[in-house]
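Given next, in structure tokens, is a single chain: the form predicted alone.
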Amino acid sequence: MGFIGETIDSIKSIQIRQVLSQAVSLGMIVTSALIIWKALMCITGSESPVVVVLSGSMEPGFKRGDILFLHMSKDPIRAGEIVVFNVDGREIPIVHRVIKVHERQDTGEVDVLTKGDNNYGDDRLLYAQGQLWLQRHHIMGRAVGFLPYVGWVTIIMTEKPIIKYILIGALGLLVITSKD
């Protein structure tokens, strides 16, 4: 009968109580992860307290696959800081360095110009059409720390979805076939 037959027999022998227990455990894990994420959002003041560097535009400082920890305070943004920002019309945030800050005298608002350390020119070509500066609402946070290479798991699962599905399937089989 083999592995598949044994797996089917194992699935049939699972009792309702075990299924409910596993569903509650899975729900608690997912809920705990969401609570931790929301707590990090409150502590850091950033809508996304952790991001993965997806390109080599910030090398040699940050490499593709590094995880950045963000914080967003009320302090003014200064040239030299590394920020993560969203651009209107783009889904994926960008990690680059602030190269110029322009404070408007009339309103006190700050306009920011960014550039990747490994890029030739500034980011105006990446901004929305006609946009020359970033405003505070575009900035998700400032980089305050990083873990090298840990984000490769996310990159691999995004670029090779079959690996993600294999991993989810294997974890599902592990849950189904495990016995208390």
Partner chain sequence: MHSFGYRANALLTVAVTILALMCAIASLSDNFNSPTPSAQVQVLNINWFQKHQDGNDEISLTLNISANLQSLFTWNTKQVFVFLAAEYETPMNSLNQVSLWDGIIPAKEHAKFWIHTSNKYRFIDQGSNLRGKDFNLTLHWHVMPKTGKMFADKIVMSGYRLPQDYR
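Whichever C-alpha set is largest while still superposing within 1.5 Å between the two forms counts as the rigid core. Numbering follows the first chain given and starts at 1. Predicted, not measured: the structure shown is a model, and the values here were computed from it.
As for the form predicted in complex with the partner chain, it is not shown, yet the points below apply to it.
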{"item": "Heavy atom of Arg97 within 4.5 Å of the partner chain in the model of the complex", "value": "yes"}
{"item": "Ile139 within 4.5 Å of the partner chain in the model of the complex, heavy atoms", "value": "no"}
{"item": "Contact flag, Arg90 vs the partner chain in the model of the complex, heavy atom cut 4.5 Å", "value": "no"}
{"item": "Phe62 within 4.5 Å of the partner chain in the model of the complex, heavy atoms", "value": "yes"}
{"item": "Region of this chain that lies against the partner chain in the model of the complex, out of 23-31, 39-47, 151-159, 114-122 [heavy atom, 4.5 Å]", "value": "114-122"}
{"item": "Sequence-ordered residues of 101-139 touching the partner chain in the model of the complex, heavy atom within 4.5 Å", "value": "Val101, His102, Glu103, Arg104, Gln105, Asp111, Lys115, Asp117, Trp133"}
{"item": "Displaced residue check between the shown form and the other one: Arg78, CA, 2 Å or over, core reference", "value": "no"}
